[in-house]
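Coming up is one lone chain in structure tokens, specifically the form predicted on its own.
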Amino acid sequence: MSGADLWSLAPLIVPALAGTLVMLLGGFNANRRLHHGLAVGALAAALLCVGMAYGTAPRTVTPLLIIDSYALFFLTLIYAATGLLAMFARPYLAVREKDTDAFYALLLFAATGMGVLACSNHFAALFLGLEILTVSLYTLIGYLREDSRSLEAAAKYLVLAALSSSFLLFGIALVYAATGTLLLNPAFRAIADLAPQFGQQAEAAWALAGGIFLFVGFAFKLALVPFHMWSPDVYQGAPAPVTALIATGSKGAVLAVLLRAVGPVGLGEIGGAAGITVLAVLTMFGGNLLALLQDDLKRLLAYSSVAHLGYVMVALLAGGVAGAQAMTFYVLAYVLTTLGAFGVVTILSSESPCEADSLAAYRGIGWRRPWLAATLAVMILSLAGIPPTAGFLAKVAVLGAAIEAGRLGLAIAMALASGVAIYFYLRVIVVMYMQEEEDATEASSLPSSFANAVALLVLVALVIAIGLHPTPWFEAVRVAVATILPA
């Protein structure tokens, strides 16, 4: 491996080494500020390395990894989101006396796994990145060992994540048997070529079966209906910052590698397009209808996440350059919005040992904590797709791609599902502002941590800025997608 290769891999090497360093320092130094500072500093350094890597991109480092504009776009999103989560996490962990080196080391290893996924060009790299991420999440979800809900969530995630990994491994084995390659794009192209010959060649049967197993594995990771059963329980039981990591960075990384694998071929061309379409519709309506029944904000956001992944599937089914760009832009808007929503949940949960997850805990917060309530309201409106927010333009982009691809039925289903979702999103805002101002008790309107206040302000500014002036963001998405799917 040359020096240029190592330089290109610096965005992956830095968080991995930093995680190891934090873990080792934990045995010698109990300074919590040092561990937190190293984690945030390492992620900032990784972002700096991402910027420098643009000078050498695109570069294939062994057959396993590819560092190109597409990978660097997602690395920027993943590391920025993880860095903000590290800042949100410190007060949350401090009030629970769990602000230790282990959390930050695991967070850095999870960031490494997500980075490997974004750069994967080979099934071996995909599985390695997925396992680094998943094993880190096992421990992070159960990090509050005295909390039975946290341990229960970790056990459920362990069982179902292991099941989904077995589906992925078996699918990889079948695809390799049929195609003779483990490279992502050639393998999926071979599946698309062999799918029409099902029943005529044994290789076609193996390829199609392998593709189905692979998709089921991805469906578990993304919590698509009916593979979503783990999502609400894990979101509710995990510590709030970890829930945010699952909902944003981990979903974004899996979607990044999925689009790289199937984007050039087209998800609808691989086989079973009708079944995947049904799955997308079930996911959109299932997530939104189940969210209507929730009185727990974290569970509500879990089902909301399920529905949003259904919208992403619409973009993937649309295919082509427009579909890939719409999906990437949607992931950008979704990650920023969901990060802001869970940031507010984490900050409110940092003010007592109890989790601020019940909707009742947000009653009247619009008068008692106006800035936090306004931040959550902006994020909720963006999730609902109300202008002028990033979420609105993201939905418009997906609908436009679906209509352009001739999938009018999917577009109509998405519009109807989004209409259903408005009810439970607006319900959260009504709960926050239903208490009369004169009855509100005196309380500080800002988060206790200045860094967290700045982080929330940045997220609100980004969500609104994308909604008001999307051109530079669409251009960044276009450049990233052009690497894997030239116009």
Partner chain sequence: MSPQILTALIAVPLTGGGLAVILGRRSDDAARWVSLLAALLTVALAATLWFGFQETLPAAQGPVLEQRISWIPRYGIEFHLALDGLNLLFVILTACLGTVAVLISWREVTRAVGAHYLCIMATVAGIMGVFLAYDLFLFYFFWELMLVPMYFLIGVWGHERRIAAAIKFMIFTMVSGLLLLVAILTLYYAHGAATGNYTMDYTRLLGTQIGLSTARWIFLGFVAAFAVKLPLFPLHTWLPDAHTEAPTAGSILLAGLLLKTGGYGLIRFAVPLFPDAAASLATPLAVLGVIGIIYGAILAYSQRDLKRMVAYSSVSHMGFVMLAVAVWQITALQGAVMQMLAHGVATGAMFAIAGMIQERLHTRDFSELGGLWSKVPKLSAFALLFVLASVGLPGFGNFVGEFLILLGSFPVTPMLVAGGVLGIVLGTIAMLALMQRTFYGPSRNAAVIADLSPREVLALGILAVAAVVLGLLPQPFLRAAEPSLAGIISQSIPFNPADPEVGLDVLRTAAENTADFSLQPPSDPTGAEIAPASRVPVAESAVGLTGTNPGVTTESSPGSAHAIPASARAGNEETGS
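Numbering follows the first chain given and starts at 1. Predicted, not measured: the structure shown is a model, and the values here were computed from it.
There is another form of the same protein, the form predicted in complex with its partner chain; it is not shown, and what comes next is about it.
Undergrad: When its partner chain is placed as it is in the predicted complex, are Thr277, Ile422 and Leu468 each within 4.5 Å of it, taking any non-hydrogen atom of the residue?
TA: Every listed residue reaches its partner chain in the predicted complex, so yes.
Undergrad: Check Ala461 for me: does it contact its partner chain in the predicted complex (non-hydrogen atoms, 4.5 angstroms)?
TA: Judged by the heavy-atom cut-off of 4.5 Å, Ala461 is well away from its partner chain in the predicted complex.
Undergrad: Is Leu408 close enough to touch its partner chain in the predicted complex, meaning at least one heavy atom pair within 4.5 Å?
TA: Yes, Leu408 is a contact residue.
Undergrad: Using a 4.5 Å heavy atom cut-off, state whether Ala356 contacts its partner chain in the predicted complex.
TA: Ala356: no contact with its partner chain in the predicted complex.
Undergrad: Please run the contact check for Asp295 against its partner chain in the predicted complex: heavy atoms, 4.5 angstroms, yes or no?
TA: No, no contact at 4.5 Å.
Undergrad: Looking at Ser150, Thr375, Thr134, Gln325, which is the one with a non-hydrogen atom within 4.5 Å of its partner chain in the predicted complex?
TA: Contact residue from the list: Gln325.
Undergrad: Would you kindly say which of Ala94, Leu169, Leu183, Leu416 lies with a heavy atom within 4.5 Å of its partner chain in the predicted complex?
TA: After the contact test, the surviving option is Leu416.
Undergrad: Hey, of 52-60, 422-430, 452-460, 38-46, which bit sits against its partner chain in the predicted complex at 4.5 Å between non-hydrogen atoms?
TA: Result of the contact check: 422-430.
Undergrad: Would you mind checking 41-64 for residues with a heavy atom within 4.5 Å of its partner chain in the predicted complex?
TA: Result: empty, none.
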